[in-house]
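For reference, the chain that follows is the form predicted on its own, supplied as structure tokens.
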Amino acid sequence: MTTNEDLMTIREMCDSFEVTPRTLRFYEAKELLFPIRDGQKRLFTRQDRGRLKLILRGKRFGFSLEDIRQLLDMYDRSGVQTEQLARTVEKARERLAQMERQQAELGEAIAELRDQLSWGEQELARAASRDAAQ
């Protein structure tokens, strides 16, 4: 049973989760959140808050909305769904491997840019030396 104390307005949700009303409406349109409609007002339950936490976490980890939907489906079901849990773990492993590859690529790009920057600074110093000697 939902009590008024369990409900949050869209403004309260925005303030609590540091998101915009547009973001909440987007997730509602994508059927990831299901607020109670009271006229023009949207009232969010504890379940909505839990779902939003998972959505934001999934986004932070770089999961697609479909991946997030699958995670939410697992979260909503009572009891453990072994097959669904195994798929979730598999997707998480895939995402982690992808993020680790991106991290390695970024590390290489940063090192290369540092080398190029160092070379450029040395060339500028040599040019300044030559100009000063003339």
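Numbering starts at 1 and runs along the sequence shown. Just so it is clear, the structure is predicted and the values come from calculations on it, not from any experiment.
Not pictured, yet referred to below: the form predicted in complex with a further copy of the same chain.
Quick one: does residue 21 come within 4.5 Å of a further copy of the same chain in the predicted complex, counting heavy atoms only?
Output for residue 21 is no: heavy atoms all beyond 4.5 Å of a further copy of the same chain.
Would you check, heavy atoms only and a 4.5 Å threshold, whether residue 9 touches a further copy of the same chain in the predicted complex?
No, residue 9 stays farther than 4.5 Å from a further copy of the same chain in the predicted complex.
Even though the partner isn't displayed, in the predicted complex is residue 103 close enough to a further copy of the same chain, meaning a heavy atom within 4.5 Å?
Yes, residue 103 lies within 4.5 Å of a further copy of the same chain in the predicted complex.
Does a further copy of the same chain get within 4.5 angstroms of any non-hydrogen atom of residue 52 in the predicted complex?
It does not: once a further copy of the same chain is placed as it appears in the predicted complex, residue 52 has no heavy atom within 4.5 Å of it.
Each of 25, 29 and 65 having a non-hydrogen atom within 4.5 Å of a further copy of the same chain in the predicted complex: is that the case here?
Negative, none of the three is within 4.5 Å.
Which residues within 88-120 place at least one heavy atom within 4.5 Å of a further copy of the same chain in the predicted complex?
Heavy-atom contacts within 4.5 Å come from 89, 92, 93, 95, 96, 99, 100, 102, 103, 106, 107, 109, 110, 112, 113, 114, 116, 117, 120.
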